[in-house]
Structure formats: C-alpha cells, structure tokens
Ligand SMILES: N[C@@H](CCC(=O)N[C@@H](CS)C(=O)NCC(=O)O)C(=O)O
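Encoded as structure tokens, the following chain is the form predicted on its own, with no partner shown.
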C-alpha cells in the first residue's frame, strides 16, 4: 500500500512530506485547502479524522495523527538508522526531547501571538508574557544549535525536520535578528533538494 499524506496547504504537514523525501519513500498526497476567509481546514478532513486536522498519514491500514508521532513512526519503520541517533545513546534522548519540544513548547507562544493579535487592545495584557516566552524558547534553540548547523550531531535528523516549522516562523518575527544561527539553519534546510521537492509537491 502506498503511503498517503493528508496535507493541508500552508501547514506543518509540509514537514512530513519533506521527511518522506529525505527517506526516499514513495508517497501520495491528498490535498486540502484552507477556507479563504477563516483560514480553517475544510470539513472534508473530518471525514478522515474527527478532529479535522492535518497532517494525517495512512500506511499499511493505519491512520496516524500528530506530526511528531508520524515522524517517529516513519523513522522507526523505514529509516534503517537514518535521521535519528543510535537507540539508547545520549543523543537519542536529546533527539526525543527536541522532537516533542517542537510542538509541545516552541509552537505555543508563536500560535498565541497570532491569535492574541486578533484581539486588538483586549489582548494587550498578554503581549509581554508571549514576547518573553518566544525570546526564551528561541534563545535556547539558538544556543544549542551545533557547529554542524544541526541540532543533533553532524547530520540532519528528524528533530531538525520537526523544529524547522517553528524556527522558520520565529525568524520571521520582529525578534528574528537576534537568532543568526537559526537564520543560517533555515537557509541551509531550504537549500536541500529534498526540501525543495517537498515544497514543490505541497505548495507548488
């Protein structure tokens, strides 16, 4: 059975397609378009999963949700040791933490900034806390980026792929100039042929 990715335009499901490209796996994309006014996912996604969220991955009769779980599944099942450190190593523990940090911590203040900004003056009391969290989290990522330009070791890992979305978004924020290493990371991943193929497949 072909791996199938349920992809919503301009969403974090781009990372799953990029991962599939890095692994050299065949896949099929089922595309969904956001509502032009609300920016919400279309109701058709709820026919696949009751939450109506993307990405969703179909493989071997299983429907898998959550970006981090999908990335881990693909690496474990098809990676053959690629894109993740040796199991049981210190690097593997750090990799696991960063895989979850990408969605569990890094994305939260960025999303809050987007949503709270729509409240106008009503959101003003929250700005300071949100701004502080963004600076804290991405200062941390700036500090742990390795001399190699990756977050774990000398080569691209699934953690880099998972972190790519919040890092790209963060470097586009007003504070972006304080993170030159993260900006260099973004430039380097965008130069990868697999990234370029994934973007052409998802947004082209």
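Residue numbers count along the first chain shown, from 1. Owing to the predicted nature of the structure, the values given are computational and were not obtained by experimental measurement.
The same protein also has a form predicted together with this ligand, omitted here; what follows describes it.
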query	finding
Proximity to this ligand in the predicted complex, single hit among 41, 167, 161, 57 (heavy atom within 4.5 Å)	41
is_contact(residue 196, this ligand) in the predicted complex, heavy atom dist at most 4.5 Å	no
Any non-hydrogen atom of residue 34 within 4.5 angstroms of this ligand in the predicted complex	yes
Non-hydrogen atom contact residue 66 with this ligand in the predicted complex at 4.5 angstroms	yes
Proximity of residue 149 to this ligand in the predicted complex, heavy atoms at 4.5 Å	no
Stretch in contact in the predicted complex with this ligand, which is absent here, among 172-180, 137-145, 45-53, 24-32 (heavy atoms within 4.5 Å)	45-53
Neighbours of this ligand in the predicted complex among 94-123 [non-hydrogen atom within 4.5 angstroms]	103
